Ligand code: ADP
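Shown here is one chain on its own, the form predicted alone, set out as structure tokens.
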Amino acid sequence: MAERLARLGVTRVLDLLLHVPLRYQDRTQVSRIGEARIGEDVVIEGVVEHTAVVARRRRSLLCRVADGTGSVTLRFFHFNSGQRDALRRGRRLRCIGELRAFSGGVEMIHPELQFELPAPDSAPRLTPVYPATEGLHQLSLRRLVAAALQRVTDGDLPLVELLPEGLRQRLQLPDLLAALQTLHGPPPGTCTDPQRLPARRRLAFEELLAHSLSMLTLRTLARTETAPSLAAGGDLTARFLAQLPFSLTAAQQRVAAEVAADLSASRPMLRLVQGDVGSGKTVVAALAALAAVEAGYQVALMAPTELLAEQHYGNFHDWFAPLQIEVAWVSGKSSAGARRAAHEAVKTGAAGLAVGTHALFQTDVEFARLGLVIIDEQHRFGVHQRLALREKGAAQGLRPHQLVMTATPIPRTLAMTAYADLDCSSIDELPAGRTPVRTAVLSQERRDEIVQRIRSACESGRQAYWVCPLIEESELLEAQAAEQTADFLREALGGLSVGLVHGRLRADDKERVMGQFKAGAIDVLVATTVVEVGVDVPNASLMIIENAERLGLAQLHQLRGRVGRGAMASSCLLVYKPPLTETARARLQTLRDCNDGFLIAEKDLQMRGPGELLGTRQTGQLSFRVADLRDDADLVVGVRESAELIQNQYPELIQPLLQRWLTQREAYGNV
């Protein structure tokens, strides 16, 4: 039982009380057997008249129950002697299940039975239906939760109220015990959706508060540490800006100034820079890196995929080579010799910048003087990974500054929750000359028309992407789907060059194909979602996304952002397999009507929730037990204010709140 409960995140008696029902059933209305309707779930009450084990086609236990208005047969195909003995003649019981007609009258198959009937004067309650797991049934969960509630009511289990009374009154929140009693057995007439109950919102508020306090605690700890002071604006910065073929936008200049101010301080910077696809975050990161190098420190830049890390390496190498700054490529897939050379350059300090994936925070990578950590697409990493890389710079008694970037604009409620330990900057302006991408939604049945669009674009000197998203959780199947599409397009587009990139290709093969596409030697690039971020080919003006209904809004917007990177008119075709669900239709409609990544992110949060939006299915970050940011977004501002109140006036409540809600979860400060 303990193992099964653990699968639900229940390891303490307290966890049972925090296990919120999915919905409620109204079993307070007892039907007379003679008046009950066939085909409906009903509650009946009666006396056992006869019980027998029958061995016909299938051995079964039959029990006839009557209430004076009629009788019903209870049928059990799976039973034991204890169940048979419990159904003894003359015993009164309550049966819950679907009433069915059969040749001998009416029956219930495997109904739920209640032998302990509510006292006549007891208040009727709705019946909770809990999230369950294999081998753990609703009856067991209800008994366990009821036992836990009884222990609290009897005083055997201390349940301390951790929200100050003044705060509860101001926010009109019920006390904890009252909220739990209502949540696990609300009175009839209560809304059967727990999400809308004030009792659940009381628990959601406390959970969000605990999460916010954990982040504020981490932030406070970070502010007590010392970081190197990295003054910006030296000769390297001036030379770098002079060699750029464009001017910085006002938004880039504003955010670069915010980053520079953080770097010049002697406490660690913890800043998130978010911006829409193509807004120029990488240039802001380069300016931060130059400030560190000019001050005599090294920089680590970590990206979630080999392809994106390679793209960053190429960009920074091209930018920094004229400035005589060595850039090291740190990859687990490099040859042993190349890996040794890169590690040596980082260890001795010869490399001012190290670019790589997860390989950067492995123990065999040592920095001589790490002053700045830059993490791209933060939502692909867990908090622990971010902090582990930060530990690399602690050897000299100084903590490196942290700059976190994301091209997935984050809704305000999510930023205040998932990234509460970070200061946030937004690059909310696109470079001059960018044209909005026109988006169309097409059925895959119009594939011939789509192929003709590709031919037309390529014959006019443009290039195109054809993206095949993950069909199943298998890199092999995804690669096979991409290969089949490439073969189809080579045949359909005779005379045009078709390239292929997917996750199973070797890094050097991927780099070679991407290089050919960027150079214009490939007309159409068939790819899996490895091209989602970072790939920059200004001549590509057409993006086809197959099975678009399978992807979330943020990911679709990221993919669409691979085109429209020049001044030419660009298009994105969202190709779907009919029929569309209502949710998929709404998602594709949103993308067709909107190019603003921040608005799209808000919609994505509403439709899919924070777990998928942040990619936290993999990282384990931000998994709430009760709270749901789609339903509880309005609580977030009050939560942040309350967290600061508790931190300042009730610091003794912080640890109990963290222990109640974050046990066995994010111990952010102890990596």
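This structure is a prediction, so every number in the text was calculated from the model and none was measured. Residue numbers run from 1 along the displayed sequence.
The discussion below concerns the form predicted in complex with the named molecule, not included here.
- Of the stretches 141-149, 280-288, 296-304, 453-461, only 280-288 has residues with a heavy atom within 4.5 Å of the named molecule in the model of the complex.
- Taking 81, 335, 324, 247 one by one, only a single residue has any non-hydrogen atom within 4.5 Å of the named molecule in the model of the complex, and it is 247.
- Residue 434 is the only one of 434, 550, 100, 369 with a heavy atom lying within 4.5 Å of the named molecule in the model of the complex.
- Within 4.5 Å of the named molecule in the model of the complex, a heavy atom is found for every one of 252, 276 and 536.
- Put simply, residue 75 is far from the named molecule in the model of the complex: not one heavy atom of it is within 4.5 Å.
- Using a 4.5 Å cutoff between non-hydrogen atoms, residue 587 does not count as a contact of the named molecule in the model of the complex.
- When contacts are judged by a 4.5 Å heavy atom cut-off, residue 94 does not count as touching the named molecule in the model of the complex.
- The shortest heavy atom separation between residue 565 and the named molecule in the model of the complex is within 4.5 Å.
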